[in-house]
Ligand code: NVA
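Presented as structure tokens, the chain that follows is alone, the form predicted alone.
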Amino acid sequence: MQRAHIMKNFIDIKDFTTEEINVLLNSAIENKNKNKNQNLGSEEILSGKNLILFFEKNSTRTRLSFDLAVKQLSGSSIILNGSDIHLSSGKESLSDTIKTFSLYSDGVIMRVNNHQTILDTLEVSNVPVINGLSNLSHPCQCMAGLMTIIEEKGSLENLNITWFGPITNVAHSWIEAHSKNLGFKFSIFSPNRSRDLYLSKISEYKENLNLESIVHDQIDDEILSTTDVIMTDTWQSMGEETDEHVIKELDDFRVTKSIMSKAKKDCIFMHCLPANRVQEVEESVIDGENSRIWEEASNRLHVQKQILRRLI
């Protein structure tokens, strides 16, 4: 299939057309099935290429999956924590840091505290930039989730996906995916205080999203009864302070065995991880037979390999 255009960066889901998203997802699934027993360096698409993985935030899955993805595509990677370089101490500007990255790499993967850091990076970088997570969005995680659902359900068409809890960076990327008319309906059950915090955050980036039809401050049993996928996220994102009043209100939006029983019988549960089994979800749910958290985590590798194939 012919590409609509050459992908230059991977920052937000909203940056891509419906066709581009579908092509990337279908290609990721196809390559995953074709290369199930792939060893390091067995695909040479990144041969001679070097990627910088820059982490201001702690990371488990993003660090492992991107590092392994680069190596499986025959590339090399350098992992830099925020504390490793002069940028964190204020001794060097972001602009000079990114220009230096561009001298020594063929692409930069960034996991940062502030989305503006990524936007400012785009202004000076001479190499492709991938958003590995920001306080606003987590597009790679969303793509892995979409991929997992397609594998599980056959397609995204006519599915009802329901988000429980705070409207996090991951939820923001799902809102953007929903706006691309990929075939699924999307509902969010979240307290008003959490919604207002989210609206305040996106206003900083001049985002204008119509949330009236998808955000509900109470759990709607009618929507829940038609739900094919239930998702949630940690209530306290790393490095971000969460209002104790919000935490208290979120207790009503915990994903429990009772909640799952009200959804469709074949409804699956997904969580981007890390998870707090005492807080946002019951152990019987996240470790139950309808949980697909490990399939989702595994697909981070495969969808990110496809992003790298398209970018570098």
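When you see a residue number, it is the position in the sequence shown, counting from 1. Just so it is clear, the model here is predicted, and its values are computed rather than measured.
This next part talks about the form predicted in complex with norvaline (NVA), which is not shown.
For P274, a non-hydrogen atom is located within 4.5 Å of norvaline (NVA) in the predicted bound form, even though that partner is not displayed.
Looking at S105, you'd find every heavy atom of it more than 4.5 angstroms from norvaline (NVA) in the predicted bound form. Using a 4.5 Å cutoff between non-hydrogen atoms, H172 does not count as a contact of norvaline (NVA) in the predicted bound form.
S77 falls outside the set of residues with a heavy atom inside 4.5 Å of norvaline (NVA) in the predicted bound form. Of the listed positions (T168, S194, T162, N131), a single one reaches within 4.5 angstroms of norvaline (NVA) by any non-hydrogen atom in the predicted bound form, namely T168.
The listed set Q116, T226, T97, S237 contains one residue whose heavy atoms approach norvaline (NVA) in the predicted bound form to within 4.5 Å, identified as S237. The candidate stretches are 176-184, 227-235, 207-215, 77-85, and the one lying within 4.5 Å of norvaline (NVA) in the predicted bound form by heavy atoms is 227-235.
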